[in-house]
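In structure tokens, one chain follows: the form predicted on its own.
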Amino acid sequence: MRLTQGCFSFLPDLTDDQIYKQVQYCLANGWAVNIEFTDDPHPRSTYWEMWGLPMFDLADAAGVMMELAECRRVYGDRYIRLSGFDASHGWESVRISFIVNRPPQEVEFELLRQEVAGRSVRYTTVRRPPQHVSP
């Protein structure tokens, strides 16, 4: 199952050249760029581990790409995402976020439905063990 979250989630994975251009776009807009990683990409898991500090005041995306390469070297078996944070007054929020690395075997989630009083329905997302496909 391919996890979809963030910008470009329904497109094929971005190449490093495309990632570089997106990072350069963030920097051109004055946004801080940060790299995060996790092994738990549950949709409600908003606290991913940060790789270093957010990168403020960069002019060239090459610095971010060097950090991304190092993060991939150390945590290449996990999900890694880049985010662009706009600190300007009125926004002060993440403007762009997208996955730049996926583990070889993606996690599986299942949506469970429960009928409760008053004809209400509750939904829960649970993590399933990976389904190994035989050759």
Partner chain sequence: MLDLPHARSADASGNEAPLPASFDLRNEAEAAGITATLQQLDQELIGLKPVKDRVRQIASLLLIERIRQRAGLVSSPPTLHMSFTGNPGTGKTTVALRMAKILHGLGFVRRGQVISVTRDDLVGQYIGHTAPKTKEILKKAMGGVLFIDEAYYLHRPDNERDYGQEAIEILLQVMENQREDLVVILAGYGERMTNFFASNPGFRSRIAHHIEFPDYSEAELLFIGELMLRERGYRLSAAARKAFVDYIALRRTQPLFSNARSIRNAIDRMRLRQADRLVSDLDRMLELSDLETIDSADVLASRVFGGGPVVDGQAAGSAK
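Positions refer to the first chain, counted from 1. Just so it is clear, the model here is predicted, and its values are computed rather than measured.
We do not show the form predicted together with the partner chain, though everything after this point is about it.
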With a cut-off of 4.5 Å between heavy atoms, is D39 one of the residues that contacts the partner chain in the model of the complex? no
Would G76 count as touching the partner chain in the model of the complex under a 4.5 Å heavy atom rule? no
Should C71 be counted as a contact of the partner chain in the model of the complex, where contact means heavy atoms within 4.5 Å? no
Would you classify M55 as touching the partner chain in the model of the complex, given a 4.5 Å non-hydrogen atom cut-off? yes
Given a 4.5 Å distance limit between heavy atoms, list every residue of 15 to 30 close to the partner chain in the model of the complex, or none if there are none. D17, Y20, K21, Q24, Y25, A28
